[in-house]
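First structure 1, then structure 2: two forms of the same chain, each alone, as structure tokens.
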Structure 1
Amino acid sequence: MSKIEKLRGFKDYYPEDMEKREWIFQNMRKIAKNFGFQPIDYPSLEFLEMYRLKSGDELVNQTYSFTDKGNREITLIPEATPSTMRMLVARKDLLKPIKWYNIPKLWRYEEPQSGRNREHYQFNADYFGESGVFVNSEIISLACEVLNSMGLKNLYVVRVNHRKLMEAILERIGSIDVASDLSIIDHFRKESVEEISGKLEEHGIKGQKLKNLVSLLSKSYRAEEMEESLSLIDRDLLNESGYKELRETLNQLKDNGYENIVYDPATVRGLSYYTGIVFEGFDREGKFRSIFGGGRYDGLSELFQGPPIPAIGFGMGDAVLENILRENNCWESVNKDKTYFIIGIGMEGKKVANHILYDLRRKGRKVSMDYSDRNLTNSIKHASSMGFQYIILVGEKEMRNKSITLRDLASGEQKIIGMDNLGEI
């Protein structure tokens, strides 16, 4: 073998990065639990067929799939929802509502690009068995609270839409193929207005109606602006159930204290299985891909051979989130625990130091010890280069006085602490 190397499109996490990722996951878990969500997990390998069922061949072409030694066509899981649905329909005994979260690793065989590697972690939360404005609002609030917990409050915007409202709009302006018009609109922010208009025109949407639609799609709206903007298309849209549910959901979110949540007609989310509210979170300046995305998908349980079960959920990948946290210097609160480096002088000092080491660890402190033969000056230099905040010194004088010397490496301040009072450290 010529070279030991990592696969392209994959990332190693050294402690500096990994400590941040653990902090992110810890926040996700904490907030999900506050919201009464419970953790689940499932295998990283599944039958490939399950993804054909839900997402069709396009996704299947982008999987790490292969035939295993038992001749089964299997894949590294490319998304979270199918496994979750499989687990859901397998257990008929579970009381509803069911509120689940997990943070699986997912794999896709596609060209690596910024904020998108061939493997990534994704925080998922799903609420099964109940629907309505409160439930919609709860799942979006959860996504917001996760971001808030990491210092991103006011630095993101959530764009919300409703599939039924969008379908009603397309019908009013004369769409004859709502599904394919939705997938044109799904590219609204990725292509030019001319391109999008051209494609819609080919589908028979023309003249003032096309102008009104493009005008509606070009902006986002606060809840109280919805009525006016939709009236431009057709005042009758205000009687649609999709409109009412969306508007009430936006009001409820505001009432829950979540700002920067807007009605965005261009947010449709390509995946065909959504049936109600859909939403995506972005950084305020729109520099990055979406931070999270999700929606209501009430029909999916039946596709997975279960009974009808109302369902709403979202996924939040780690890569974009890391970029945004980095951009906004949200790392200050990470890893603030004090770290100690114990130095024992001579074999006797090392032995005493070793006792203190284990004693302090059992008291929950983060402590390492110098096991080398460096002299004291070099030990202290080393502790400082390694990033320790304090040194604990056990020399002859200290042993004689049954004490230790604690030095703050940043300030240089020192104090003597009796060995019986190590709990004070």
Structure 2
Amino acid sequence: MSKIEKLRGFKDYYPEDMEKREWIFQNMRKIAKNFGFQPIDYPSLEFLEMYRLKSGDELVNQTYSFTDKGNREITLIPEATPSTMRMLVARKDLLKPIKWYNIPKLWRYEEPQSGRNREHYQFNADYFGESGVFVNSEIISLACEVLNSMGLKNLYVVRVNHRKLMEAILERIGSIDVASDLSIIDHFRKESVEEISGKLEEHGIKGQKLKNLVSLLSKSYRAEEMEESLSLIDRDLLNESGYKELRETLNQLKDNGYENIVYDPATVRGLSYYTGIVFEGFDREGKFRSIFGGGRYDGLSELFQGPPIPAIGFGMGDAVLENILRENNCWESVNKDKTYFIIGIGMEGKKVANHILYDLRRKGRKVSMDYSDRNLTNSIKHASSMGFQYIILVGEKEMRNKSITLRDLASGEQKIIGMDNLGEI
């Protein structure tokens, strides 16, 4: 029999990494709840037609889809938004605004690479029923606070744009196919300037206007630089509603302490259903794919036979996030809750240690016990190799004095604690 291996594009997670991942997911839930978002969940299987309706053939071709025993076209879900929208329009009784989050597992049959697996988890947050600067700012700040809580503050940048502003720019410089040009600009950092320029020229953008557009797309701008940057194209753009909303959103975020937010004209999020603010988060050094991305998609509910519902949201995948945490030496510091390993000397020591074990667990401590017949030295070595931070020793002296010895495995420091004071641990 040949060796059985995992499928390409899929990953195994052993305890040393899985514990960190669980902490990350718990942290995401905590931050979302702090912002007033409520949890939802949905099946891992949906009708394939739902993705044809929303995203078209390109996404459908990447799905893990099949015909089930009822002769229905089914797929493992490749993205979160359609299921969320299906749930939203199915309930007419829901009071708005609605703020939902979840962390589903998603599947896409695409080429595996760094930060992209064929199976991954994704933190999603969506805000329905309201629009405007304050809502834009809240959803972007939620993404920022998730990263900040993991030690990444000042190590990422959020690039923000507005689809209506970008459409107005393209119309002013002569584009004959704005929708296609948005898709071209979405690849600005993935293709050469020559390739991008050639495609835009075919759609009527030429000469100095093309040079001005390429110059605008080539960098990001602070909020106070927006006016000057857009004047290069057409000063009348400053009267556009998209410009005003974007500028006010950036100012609102800055006023609330978010300094790492920039206007980035090349951020357009190629999907056609985005209607307003769009944004993506990247590591500051630009080494990895986007950490998160999202935007406003006010018209999407109508594709699901629902009424028009203002909507904005984002997704944050686990693979790129893990890469960035590792790159910035944050991975090892994740989930540093205190952990204890109890060693009882002799049978009587083990009995007392076992009572302490359950007592500490009821107090919320993370505690394991050595049930083996190792000697003390080997028990301590075992605890250290397993990554425990503290040893709790129960021997004859401790039993006689009704105490325990607590040793810090990193420093070697130890202290005596009375059994009546175990809550101090």
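Because the structure is predicted, anything quoted here is derived from the model rather than measured. Rigid core: the largest C-alpha set superposing within 1.5 Å between the two forms. All residue numbers here refer to structure 1's sequence, counted from 1.
Student: Between the two chains shown, which is the form predicted in complex with another copy of the chain?
Tutor: Looking at both, the form predicted in complex with another copy of the chain is number 1.
Student: Comparing between structures 1 and 2 on the rigid core: C-alpha of Lys33 shifted by 2 Å or more?
Tutor: Where the cores coincide, Lys33 shows only a C-alpha shift between structures 1 and 2 that is less than 2 Å.
Student: Using a rigid core superposition, assess whether Gly412 undergoes a CA shift of 2 Å or more between structures 1 and 2.
Tutor: Where the cores coincide, Gly412 still shows a C-alpha shift between structures 1 and 2 that is 2 Å or more.
Student: Verify the C-alpha shift of Leu376 between structures 1 and 2: is it 2 Å or more after superposing the core?
Tutor: Leu376 C-alpha, core-superposed: shift of 2 Å or more.
Student: Looking at Ile391, what is the CA displacement between structures 1 and 2 after core superposition, in angstrom?
Tutor: The shift comes out to 3.8 Å.
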